[in-house]
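Let us start with two forms of the same protein chain, each given on its own as structure tokens and named structure 1 and structure 2.
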Structure 1
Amino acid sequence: MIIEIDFQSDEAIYMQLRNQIIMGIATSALQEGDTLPSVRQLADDIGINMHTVNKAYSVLRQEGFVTIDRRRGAIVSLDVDKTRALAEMKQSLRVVLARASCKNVTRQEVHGLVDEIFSEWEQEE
């Protein structure tokens, strides 16, 4: 999996890294049990601070996408608590949909985008 960071983006680098790892899991580029690069290795590969990678890995651990093992490092280990996942997604969607509403995006347009994204993932499988 190739990680690309947009250093010109307003989005924090650790969040870009987190989001790309989640996308890697969603598209099956990363599988349950895969070991992520060490903090030092990934920081060197991307050209970012080790603390930034550490923060991304910590957020992924808190969100149930990875476990941290002192010997093996960060390992893709999905917390399949669907109830919690749906509650977290609902909270995130509230903000995204509020922003969309402010820009006059319709319900039908949102549904179309959701269908488009799921179709992209299904094609990659």
Structure 2
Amino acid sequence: MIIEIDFQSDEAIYMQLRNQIIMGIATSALQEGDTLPSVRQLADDIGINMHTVNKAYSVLRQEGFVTIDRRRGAIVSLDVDKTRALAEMKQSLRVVLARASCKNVTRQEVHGLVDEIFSEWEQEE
């Protein structure tokens, strides 16, 4: 799985990393049981500090996407709390859809985009 960090972005590096790993899981580029690179190796590959990678991994652990084992490192393992996931998603969606709605994006167009995104993922499986 290829990770691309935009150093010009105003989004923190550890957040870009977190989001890309989550999208990697969603697209099945990363599967349950897969191990992520060690913090030192990934930091070296990307050209950032070890602690920045460690922070991304810690956030992923806290959010229930990986478990961290001293021997094997970070392992993709999903702690599914669907009720919580739905509540959190609704909150995020409200902000995203409000912005879109102000710009005259219709409910149908949103549905279309959702389908597009899900289709992209299913193709890659």
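One-based numbering along structure 1's sequence throughout. Throughout, rigid core stands for the largest set of C-alpha atoms superposing within 1.5 Å between the two forms. All of these numbers come straight from a predicted model, not from anything done at the bench.
Only structure 1 of the pair represents the form predicted on its own. E11 is not among the residues whose C-alpha shifts by 2 Å or more between structure 1 and structure 2 once the rigid core is aligned; its shift stays under 2 Å.
With the core held fixed, the Cα of A100 is displaced between structure 1 and structure 2 by 2 Å or more.
Between the two rigid parts, the smaller one rotates 13° against the larger between structure 1 and structure 2, as C-alpha superposition shows.
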